[in-house]
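The chain that follows stands alone, in the form predicted alone, written as structure tokens.
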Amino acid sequence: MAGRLHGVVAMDGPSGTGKSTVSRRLATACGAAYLDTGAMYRALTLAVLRAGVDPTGPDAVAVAVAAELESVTDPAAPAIRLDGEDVEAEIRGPEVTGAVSAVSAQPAVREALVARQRGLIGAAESGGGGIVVEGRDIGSVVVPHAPLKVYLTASEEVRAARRGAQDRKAGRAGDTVTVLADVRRRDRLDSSRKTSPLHAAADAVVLDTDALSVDDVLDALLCFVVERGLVR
């Protein structure tokens, strides 16, 4: 263990930059909690799809806000439960991926989830604890006071290749052209939405991961937390 983290590390960036992998590893290395906010939006999207309503309509908001979510913040075994059911595998499928941007763009959905996320972060921080939180608006909206904000970037092609490899490992089919198109679509939707668009916070450390391995990124993050005095 590199030392025990106290406070919040906000990890932002588009899909395919390696946020989930390095965030979990950083939390593990520093004895901290870990929160994947993207999984929360995906779980609400699954609730909307199961209800059979239009992801872009007002009924989707009602379904999403009423859904019962539970996020397990243990980096060794993170989980997301929808109405008591572990839906981690299902929320990574193409149906949810295709609809999550529409559901997460709804202001009322974001407001409800940001409140839940802040509650989980506050619980982890109580008593001097720490948490690594990943998403798309953590440093800019959810925890603007975070002492360390990191924005991971990578080229579209590199991110598409990583996404494709993840899908194949999980047994999900997907050709390179389709995955690249989906990466570009998500980038466009996430960056152009009116509420909490994807962007780096003004005081975030921007880290390009194109030529970096997971270990390289983790080493850089560990240096950042030490430099900021966030580990004891």
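The first residue of the sequence shown is number 1, and the count goes up from there. Since we're looking at a predicted model, the values are computed, not measured.
What follows is about the form predicted in complex with 2'-deoxycytidine-5'-monophosphate (DC), which we do not show.
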Legend entry - Full three-residue contact with 2'-deoxycytidine-5'-monophosphate (DC) in the predicted bound form, heavy atom 4.5 Å, for 21, 159 and 209: no
Inset, instruction - Let me know the one among 80, 100, 154, 131 whose heavy atoms come within 4.5 Å of 2'-deoxycytidine-5'-monophosphate (DC) in the predicted bound form, would you? - result: 100
Inset, instruction - Flag residue 138 as yes or no: does it have a non-hydrogen atom within 4.5 angstroms of any non-hydrogen atom of 2'-deoxycytidine-5'-monophosphate (DC) in the predicted bound form? - result: yes
Inset, instruction - Mark residue 38 yes when one of its heavy atoms lies within 4.5 Å of a heavy atom of 2'-deoxycytidine-5'-monophosphate (DC) in the predicted bound form, and no otherwise. - result: yes
Inset, instruction - Determine whether any heavy atom of residue 190 comes within 4.5 Å of a heavy atom of 2'-deoxycytidine-5'-monophosphate (DC) in the predicted bound form, and answer yes or no. - result: yes
Inset, instruction - Could you confirm whether residue 163 comes within 4.5 Å of 2'-deoxycytidine-5'-monophosphate (DC) in the predicted bound form, counting heavy atoms only? - result: yes
Inset, instruction - Spot the stretch among 144 to 152, 81 to 89, 100 to 108, 119 to 127 with residues whose non-hydrogen atoms come within 4.5 Å of 2'-deoxycytidine-5'-monophosphate (DC) in the predicted bound form. - result: 100 to 108
Inset, instruction - Enumerate the residues of 196 to 223 that have a non-hydrogen atom within 4.5 Å of 2'-deoxycytidine-5'-monophosphate (DC) in the predicted bound form, in sequence order, or give none. - result: none
